[in-house]
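The chain below stands alone, shown as structure tokens; this is the form predicted on its own.
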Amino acid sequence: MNGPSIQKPEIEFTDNIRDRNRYGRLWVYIFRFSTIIGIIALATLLFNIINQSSGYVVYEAKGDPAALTLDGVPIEEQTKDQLMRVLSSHLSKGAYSKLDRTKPFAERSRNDVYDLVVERIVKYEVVDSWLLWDSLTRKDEITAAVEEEYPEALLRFDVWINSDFLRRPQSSNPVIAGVRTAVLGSLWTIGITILFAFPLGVMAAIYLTEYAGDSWANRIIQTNINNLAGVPSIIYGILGLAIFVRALEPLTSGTLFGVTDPTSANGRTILSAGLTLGLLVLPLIIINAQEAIRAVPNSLRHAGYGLGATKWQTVWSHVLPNAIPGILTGTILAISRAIGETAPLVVIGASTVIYFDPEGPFSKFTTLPIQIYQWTSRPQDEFRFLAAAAILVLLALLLTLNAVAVLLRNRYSRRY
């Protein structure tokens, strides 16, 4: 009688352990499967981008480059003065003078003048192109097809992302188009965003965490901050349009300081874009900074008070230094969102086509996401290749900013 009654709990216990282990293994398989799916999706995305960023390209020139040889030197090896002589001899006086008025040749680099020769005289055009995978797997087939269909054309394996792509401004000709203007616009915009949102967000987090009491007003403020973190970005664009572009136009256009850019006298400037993105990421920075401050042990605060430090001295000397790693991590996430935003900048008035570099916070602007959007909407395959190259530049810029933030976080990290 006692034997079976004693064994029954043991059997139930063993069955329970077996079931729990089975469920544990099931969840492990689910987690592994989800991780593998994520890796496959990421690999597919990167392959698709890289596949479009290089490959064979067929060029045809309306002008004969060999006819532009000067003193026995081909245009690829000519100096700036020689290239200017080529321009002056093949362009009308009016066209040459217009180029000089747009930007004096004395201020142009040798590469800039060479681009003008290619654009205005040689006039290379892309007549056909292939993706990287096709270029690697069908090389002989492509070469034979080009020799048959384009006997006078130039077949070249091009990597669309290169030094020329980074230094050239936007152009309607994909052969000489680049992202210099968009990169500078993104850097200016993100710089203003950080300068505006980071100190304001950290100060707001310090007040709400260390000074504000548990009153109904503070609870309402905290609830609204949490809600603002999930507001669609285009709503911030509308807010920026109403406040920074229209209401504060004298400030954002530079009129208040007497430095108005004639091309952007309506407030649609880099400053407006940076402040709008600052509002966009401000709730994220506040929330993440609050969590980092709350994570600091109260024992550090009590130690400061015990030594006679004031509230602010304790916050400045004990709380903030230990919260900096978490604050910078939150800032990384916020800036990562801001640098890829397009909708609010479109509402504010970012240019989809712009040929000159921004010279200050009151300049007209474009950014890399805007440039990528504009190129992907073009019907020519070459512009989609340029868009893929610009995506790689955007990823590199984002990873660089994140790396700097991580280094700063590790530099000022304290263990306790």
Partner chain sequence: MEQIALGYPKSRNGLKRRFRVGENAILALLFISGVFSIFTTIGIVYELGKEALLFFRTPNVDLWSFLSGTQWQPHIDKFGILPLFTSTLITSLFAMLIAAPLGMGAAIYLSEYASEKVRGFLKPILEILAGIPTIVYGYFALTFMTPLLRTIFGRDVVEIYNTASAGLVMGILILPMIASMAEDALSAVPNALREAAYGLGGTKLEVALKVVVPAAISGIAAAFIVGISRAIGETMIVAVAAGAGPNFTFNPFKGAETMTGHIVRISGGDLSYDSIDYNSIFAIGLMLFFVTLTLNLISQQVVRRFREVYE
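All values derive from a computational prediction rather than experimental measurement. Between two forms, the rigid core is defined as the largest C-alpha subset superposing within 1.5 Å. Positions refer to the first chain, counted from 1.
The next section is about a form of this same protein that is not shown, the form predicted in complex with the partner chain.
Of the candidate stretches 207-215, 107-115, 164-172, 82-90, only 207-215 contains residues with a heavy atom within 4.5 Å of the partner chain in the predicted bound form.
Though the partner chain is absent from this view, in the predicted bound form it lies within 4.5 Å of a heavy atom of just one residue from T223, T255, S317, S299, which is T223. Distance criterion of 4.5 Å from any heavy atom to the partner chain in the predicted bound form singles out V346 from the list L307, V73, V346, L154. In the predicted bound form, the partner chain sits beyond 4.5 Å of every heavy atom of V127.
Using a 4.5 angstroms threshold between heavy atoms, G230 counts as touching the partner chain in the predicted bound form. Of the heavy atoms in T69, none are within 4.5 Å of the partner chain in the predicted bound form. When contacts are judged by a 4.5 Å heavy atom cut-off, L99 does not count as touching the partner chain in the predicted bound form. Contacts between stretch 237-251 and the partner chain, counted in the predicted bound form as any heavy atom lying within 4.5 Å, involve I238, L239, L241, A242, I243, V245, R246, listed in sequence order. The rigid-core alignment places the CA of A405 2 Å or more apart between this form and the one not shown. For G38, a C-alpha deviation of 2 angstroms or more is recorded between this form and the one not shown after rigid-core alignment.
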